[in-house]
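Have a look below at one chain only, the form predicted on its own, in structure tokens format.
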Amino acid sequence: MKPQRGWDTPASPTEAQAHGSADELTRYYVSVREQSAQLCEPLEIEDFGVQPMADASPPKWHLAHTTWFFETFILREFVPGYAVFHPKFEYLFNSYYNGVGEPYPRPRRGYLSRPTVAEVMAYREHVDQHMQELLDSADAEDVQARTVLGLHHEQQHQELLLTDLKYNFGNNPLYPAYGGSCADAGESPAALTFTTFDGGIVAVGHNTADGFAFDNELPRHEVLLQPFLLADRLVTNSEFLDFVDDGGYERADLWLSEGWSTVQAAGWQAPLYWVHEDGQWCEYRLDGLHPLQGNLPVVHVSAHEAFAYATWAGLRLPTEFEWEHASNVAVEPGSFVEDGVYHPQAARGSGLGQMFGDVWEWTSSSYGPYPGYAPLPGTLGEYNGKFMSSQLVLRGGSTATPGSHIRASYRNFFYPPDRWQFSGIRLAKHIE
């Protein structure tokens, strides 16, 4: 099951590159850049500069950094005599590319009242004008390839913009609403069922004939899977609430050692954005604070919580290769950012569903290179490879992910304690 294309765009970057059409790539460039601005339309000016924690960034920074990417890696290299918009922006909006220069410290991004939002928008307009002129005149393969990478990079930051904004709003006692909606899903989830997979030698990783992929999805290679069962839907709020009510956060035997230390140090008692108020559990969503809805997927849990829940349930998390192999028979996608609900939805229908969209699904697989992995040449080699340490792989995308951005081989990665992303749980088990 392939996710639906989003925002009614004429073609994805992958398709435009495959067709060799500069017009299609230009249209998609404009579309993706406009999508970032559209996500910011519900914001007040005060929202643009807030950095709610060190791992998050203000909306203003996301808008500027994605623009810096196009200016730094495309315009400065392929447009003779190009004049940068502002010489200090290379320092302020560099994320982690040490080959470009020293970045401004990440935890201090929210300290900057200047440049103003208006100046950042002018920066975007400046770069967009020069990018469109370049795309109209350039047919070089490396220009197209870097533009496609830049578009997928911007789509990553569209999701980060929403997740970081939610951390800001969700930790505000006013619980302000950004937007979206969520239908009442009831309190009793359907009984959990499983799909059987025989295992064997299977191919994983991206097929280069299908167009764009990040370097960490390559090369395609074979792995051996043992027979396994994979849950047909995600773990729900009511199921996770049973874990909470059973003392799940108080039982050291359920947790990995690092996870138990994290629970003790952070004082976790429930998933992020669960609030116990007036004798009941509520959940902050981007449409405000609401009573916890049992049939909706549990979201904003760390890998530590996912492992602990799976142990409590007598099951386990899938490996990333089991997940990828199983995704070939997925029957029903979940919600993406194009749907405008900004929260995972209840499972629909029967069979293996929700594999794409709704929540990023934690796997038990460490994030590392595939056999024969080769990073991108030059400074762009810092995009993924330098982070292949101490993180776990997530699969499938979320309700904050653009649908045209996700694919079966896509490997997201976060540290085990991270839970401000739209991350959830799908269970698996061995076949005896």
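Keep in mind the model is a prediction, meaning the values are calculated, not measured. We number the residues from 1 along the sequence you see.
Just so you know, the form predicted together with a further copy of the same chain exists too; it's not on screen, but the next bit is about it.
For the chain shown alone, residue 86 is a contact residue for a further copy of the same chain in the model of the complex, at least one non-hydrogen atom being within 4.5 angstroms.
A residue is said to contact a partner when one of its heavy atoms sits within 4.5 Å of a partner heavy atom; residue 47 meets this definition for a further copy of the same chain in the model of the complex. a further copy of the same chain is not drawn, but in the model of the complex it has no heavy atom within 4.5 Å of residue 276. a further copy of the same chain in the model of the complex is approached by residue 169, whose closest heavy atom lies within 4.5 angstroms of it. Site annotation in the model of the complex: the residue of 218, 313, 100, 112 reaching within 4.5 Å of a further copy of the same chain with a heavy atom is 112. In terms of contact with a further copy of the same chain in the model of the complex, the residue from 266, 224, 329, 190 that brings a heavy atom within 4.5 Å is 224. Only one of 371-379, 400-408, 28-36, 63-71 places residue heavy atoms within 4.5 angstroms of a further copy of the same chain in the model of the complex, namely 371-379. If you take 250-266 and check each residue for a heavy atom within 4.5 Å of a further copy of the same chain in the model of the complex, you get 252, 255, 256, 257, 258, 260, in sequence order.
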